[in-house]
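Coming up is one lone chain in structure tokens, specifically the form predicted alone.
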Amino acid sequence: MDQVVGPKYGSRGGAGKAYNQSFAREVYRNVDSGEEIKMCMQCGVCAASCPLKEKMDFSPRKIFTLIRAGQREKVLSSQAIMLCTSCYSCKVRCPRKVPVVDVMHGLAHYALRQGYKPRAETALFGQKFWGNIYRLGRIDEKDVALRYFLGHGLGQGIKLMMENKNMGIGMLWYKRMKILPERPIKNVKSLRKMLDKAKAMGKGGAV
């Protein structure tokens, strides 16, 4: 059985509450640094340190609690796991040295692999960004933007291009973007092999 009675509810005449540990085990096995969650003592320092805490539906501390409680749907569909900006405030201040940043990123990657897209725009941009790196070994800003816009569909893509045309013109003017297509780096095939191997080792660890 994967159900246990959480220590918070005890067995001294209390009603008790059954927790399903199967999702926690799933996280430990499949999420980068997932097993480090075991070290969390729920002090709340990570939540207090996060500059985006007001934007999160669940703080990192709450995410860890939900994992332990077996709340798979809530965790994988949470916008919080896609909001981390890697400022490392939580990781530096954690008294138990839990790599909160790594866990949050790991959960985001795992959620995407499982078909969850809590922040669809972020997921789409990330897909086009990494696709560009895989093809060229570098970033071609106009190609990423074009693929991102058209990822919304032809009609909506054209609309987004028109809305952002002034930004594109500015980038061209200040030489932050080239008119001609970027060429792939030398030995881009070697880079692809390396990325493919890393993906296979992490069962799709990169988005």
Partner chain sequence: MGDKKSILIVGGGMSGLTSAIEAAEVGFDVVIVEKNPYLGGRVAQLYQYFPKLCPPNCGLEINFKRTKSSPRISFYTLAEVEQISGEEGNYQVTIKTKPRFINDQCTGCNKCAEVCPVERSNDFNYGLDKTKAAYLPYAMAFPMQYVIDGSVCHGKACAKCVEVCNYQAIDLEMQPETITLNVGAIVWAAGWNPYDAVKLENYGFGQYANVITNVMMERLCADNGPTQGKILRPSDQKEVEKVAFIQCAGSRDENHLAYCSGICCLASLKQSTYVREKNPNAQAFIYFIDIRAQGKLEDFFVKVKQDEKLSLVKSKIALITEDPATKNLILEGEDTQSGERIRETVDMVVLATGMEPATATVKVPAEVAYDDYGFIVSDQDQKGIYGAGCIKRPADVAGVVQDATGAALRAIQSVVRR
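Being a predicted model, the structure only gives us computed values, none of them experimental. Positions refer to the first chain, counted from 1.
Unshown form predicted in complex with its partner chain; subsequent notes refer to it.
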| query | finding |
| --- | --- |
| Selected contact from Leu112, Cys94, Val101, Val75, since only one has a non-hydrogen atom within 4.5 angstroms of its partner chain in the predicted bound form | Cys94 |
| Cys43, Ile139, Ile169, Ile158 - the one with a heavy atom within 4.5 Å of its partner chain in the predicted bound form | Cys43 |
| Proximity to its partner chain in the predicted bound form (heavy atom, within 4.5 Å), stretch among 178-186, 45-53, 141-149, 161-169 | 45-53 |
| Contact flag, Ser59 vs its partner chain in the predicted bound form, heavy atom cut 4.5 Å | yes |
